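As a starting point, one isolated chain is supplied in structure tokens, in the form predicted on its own.
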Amino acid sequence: MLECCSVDFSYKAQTQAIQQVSLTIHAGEFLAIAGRNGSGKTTLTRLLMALRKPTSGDILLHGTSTKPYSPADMAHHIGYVFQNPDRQIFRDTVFSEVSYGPEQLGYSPEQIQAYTQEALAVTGLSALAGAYPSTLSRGQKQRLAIASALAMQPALLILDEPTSGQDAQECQKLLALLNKLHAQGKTILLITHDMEILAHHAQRVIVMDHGRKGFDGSPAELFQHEDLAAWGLSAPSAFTISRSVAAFGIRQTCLMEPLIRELSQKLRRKP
């Protein structure tokens, strides 16, 4: 779906923010990008969205260079949700906020109505269609930002730290929504520092390290990597516990639920 080919990028008067990054994003993936602050995660996704242009190298969308594409062109294919939803909310009602994107992309009034209603229904915001966005909770605003992206009918959804600042209940609602969208065929790219979320939901992880791609593989492979701490990351609790009791026949796992089940079974069998 998307391919980075030896991409470099530099901000003015700064060192290279992205260095020789090559990667492929496949349709239907649930992909996570991780790394310490300043590692290049957000810059990379803004390059994918054409909010920035590579200094050298190329980014391909379905095999075609995106060099001549604007962010509006990419919005037909990619929905981008910022870390702070207030940065992209500016209209007077939830409905008009969600309808803004389809309007700018030139959809017909019938399509705008249908796409807006569908996006509100999927994100559980239909009952708040007439509400003033500023009155919403942080979690509702985050879902509003996702609805605004979905209304433009993108195949890929990029979310920058979407669970930041939310309580546990709102986080669970958001993650359930992302899993639902993924099951419906959307490609999900999640920037996150939360290793528990990464372990439970991502199929594949890319780690950025000082502007370079340091790792590309499964969560299970990531948590066993010798450079994990050097990248500013740590394994989730389940992985650490399961590894510490591996001598008792417990399999290594990134997930707490199967670990608890296996430990319970071992304890029940104990004479």
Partner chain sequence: MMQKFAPLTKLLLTLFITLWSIMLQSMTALGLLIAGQLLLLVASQVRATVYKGIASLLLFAALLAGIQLALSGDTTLAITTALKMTAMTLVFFILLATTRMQDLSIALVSQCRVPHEYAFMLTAALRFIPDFLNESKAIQEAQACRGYRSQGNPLKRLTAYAAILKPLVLKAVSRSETMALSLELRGFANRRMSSFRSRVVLTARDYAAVMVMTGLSVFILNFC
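Numbering follows the first chain given and starts at 1. Note that the coordinates shown come from a computational prediction; the quantities given were computed from them, not determined experimentally.
Although not depicted, the form predicted together with the partner chain is the subject of the following passage.
Taking 60, 49, 31, 228 one by one, only a single residue has any non-hydrogen atom within 4.5 Å of the partner chain in the predicted complex, and it is 49. Note on contacts: among 185, 124, 109, 71, the single residue with a heavy atom within 4.5 Å of the partner chain in the predicted complex is 71. Residue 163 falls outside the set of residues with a heavy atom inside 4.5 Å of the partner chain in the predicted complex. Proximity of residue 192 to the partner chain in the predicted complex falls outside the 4.5 Å heavy atom cutoff.
Contact check for residue 113: every heavy atom lies farther than 4.5 Å from the partner chain in the predicted complex. Among heavy atoms of residue 180, none comes within 4.5 Å of the partner chain in the predicted complex.
Against the partner chain in the predicted complex, the set 87, 101 and 152 is in full contact: each member has a heavy atom within 4.5 Å. For the partner chain in the predicted complex, the listed stretch (41 to 49, 23 to 31, 211 to 219, 229 to 237) containing residues with heavy atoms inside 4.5 Å is 41 to 49.
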